[in-house]
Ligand SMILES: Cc1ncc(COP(=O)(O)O)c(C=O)c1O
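Quick heads-up: it's one chain on its own, the form predicted on its own, in structure tokens.
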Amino acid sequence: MLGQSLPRLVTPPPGARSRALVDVLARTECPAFTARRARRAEASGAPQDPIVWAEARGSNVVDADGNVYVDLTSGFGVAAIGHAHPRVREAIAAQSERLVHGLGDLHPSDVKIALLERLAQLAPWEGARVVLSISGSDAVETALKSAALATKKPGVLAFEGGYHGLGHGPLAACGYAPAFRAPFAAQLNPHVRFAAWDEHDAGAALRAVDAAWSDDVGAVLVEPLQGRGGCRPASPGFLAGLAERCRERGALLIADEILTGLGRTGATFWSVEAGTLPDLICVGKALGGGMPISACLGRAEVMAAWGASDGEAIHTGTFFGQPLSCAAALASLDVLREEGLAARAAEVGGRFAARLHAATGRPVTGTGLLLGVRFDAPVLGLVARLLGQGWLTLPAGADARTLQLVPPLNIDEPLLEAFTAALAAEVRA
């Protein structure tokens, strides 16, 4: 049954239909994407063409050639409750009968207001305020702007390996790869500093923060567990020490929970679970159940810096709080709560991590169902071989030596057991 099925391949991927569609892609899409795929393929020795997704349900993806895969990426973490969850589809259908698009912040929709109320209730502060947007990068942009308004300081402290999106504000603080920033350096915030990331020694990590700090820092932007950066968690005690420095020095702590939040790591917000209280929290990915929506949650005192609107909003977007996405988000939050998926992620993720380590002998990092299996060499070839068996995975880290595993939080455990066996066989080979 599609949704929790083992892989079923009818042709070696990519099949003829996928290859034909990628030919169209190569003629029409910006070469920034197709050329990148070619370079990665050359580095891994894998076929150049990707598969082309045609359908997805639950933990399964079907490509244009009819091959069925198990998705251990959750579509970059978006499908936390599985692809095309029936509750989300029903909510979108019902909303489409009433209101597809509104007038943004000028005349807000009822469903947008309902989502704002729900997110404010989820926040770890009394009287939280929320700004809705479309992408994770948008949410980080909102947080950076909020910090600049509240502190009157333009500086940002970020971390090597951190990934926060590629809009100009977040890009300036993207420590994942300097090559992302270099072509646009002249347009980016010059007041950004980067501190080294140490996942093992909180004292060393905090000394790196002190060394990188400057007087103009008004925002500290951190992922409590670096996802794309290699599944690298903050060292125990580091986030609490970071929050203390922010309070002492008049800066605001921004937790980028776009991947880690809303149950992925076994808690609503991993930064809070890890023992600190940020000033601003960014969420996205899992929020929309597959629809594009994100949010920046903030303490009321911080958000008050925006002031009352005098008629023209200085930060808004035509599709911020779009009704279909808001309806999907409300349904997704219902599913996460009612099915206890945060607790399940912690429980199932703990067993999955133990099995992965026992079967491969490799270090396994992360928490909940955000895990990385570390290798001594790039895993691009391994990712390609697993794809050929029907398992969708991703490389992580600037050196691509981590196999990132981010399955739906409601994935059937036998699928994880079957994947572990497949991975162990590849490691042995």
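Note that the coordinates shown come from a computational prediction; the quantities given were computed from them, not determined experimentally. The first residue of the sequence shown is number 1, and the count goes up from there.
The protein also exists as the form predicted together with this ligand; that form is not presented, and the subsequent description refers to it.
Residue in contact with this ligand in the model of the complex (any heavy atom within 4.5 Å), chosen from Tyr163, Phe352, Phe238, Phe320: Tyr163. Here is the short version: of Lys112, Arg232, Lys285, His83, the single residue with a heavy atom within 4.5 Å of this ligand in the model of the complex is Lys285. In the model of the complex, this ligand sits within 4.5 Å of a heavy atom belonging to Gly136. The shortest heavy atom separation between Ile258 and this ligand in the model of the complex is within 4.5 Å. Comment: 258-266 is the region of 204-212, 352-360, 320-328, 258-266 lying near this ligand in the model of the complex, near meaning a non-hydrogen atom within 4.5 Å. Contacts of stretch 217-231 with this ligand in the model of the complex, defined by any heavy atom lying within 4.5 Å, are made by Glu223 alone.
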